[in-house]
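Shown below, as structure tokens, is a lone chain in the form predicted on its own; questions about how it binds or moves come after it.
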Amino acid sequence: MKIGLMGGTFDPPHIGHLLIAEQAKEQLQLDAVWFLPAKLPPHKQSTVTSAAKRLELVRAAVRDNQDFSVSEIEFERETKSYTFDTIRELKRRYPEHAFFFLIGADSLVSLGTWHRSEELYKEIEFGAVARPGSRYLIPEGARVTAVDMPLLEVSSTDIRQRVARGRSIRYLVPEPVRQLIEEWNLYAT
């Protein structure tokens, strides 16, 4: 099976994440996409929402798509979640699968700063998602396949700010995610 891996903080997950996963699934001919919420993201000092609640938000976001699922592999560690370690463990557990790590094309520029990046390039191919007309700056040694994405301006930061200002986030996040944000009173000031 060909599996797309989508890592992130997902604070909160939104329609952009789902659209990226769907476009990658189609264009890379993936059998499934696994979402990998980071318990302790290495690039952030802290998260707004607890790891347990972010995990539940991702589960709510993907539950209506049979080709999407959530992996808790990064919740098995008590240390920061590095992509290299996660990929190594997934390949050990599922040697029969081919994995693609899905990232935004803008992240290719910083890929060389990732933990054990040179070794990571040898472990996995990347699906780089970009808006039409975007340029790909591929680090030497990285295997990257382009995934085209329709123009969509949405971010987790914007969603948190909208909630804090009392603005609607309907249609920016899946409805089950919106309901949990409201029920848990997340991001409100």
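Just so you know, these numbers come straight off a predicted model, no measurement behind them. Just count from 1 along the sequence shown to find any residue number.
Quick note: we don't show the form predicted in complex with a small molecule, though the next part is all about it.
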{"item": "Residue 4: touches the small molecule in the predicted complex, heavy atom cutoff 4.5 angstroms", "value": "no"}
{"item": "Contact of residue 164 with the small molecule in the predicted complex (heavy atom, 4.5 Å)", "value": "no"}
{"item": "Residue contact check: residue 149 to the small molecule in the predicted complex, 4.5 Å heavy atom", "value": "yes"}
{"item": "The small molecule contact in the predicted complex: residue 50, any heavy atom under 4.5 Å", "value": "no"}
{"item": "All of 17, 130 and 156 within 4.5 Å of the small molecule in the predicted complex, heavy atom check", "value": "yes"}
{"item": "Sole residue of 89, 118, 106, 76 within 4.5 Å of the small molecule in the predicted complex, by heavy atom", "value": "106"}
{"item": "Contact stretch among 65-73, 122-130, 26-34, 136-144 - heavy atom within 4.5 Å of the small molecule in the predicted complex", "value": "122-130"}
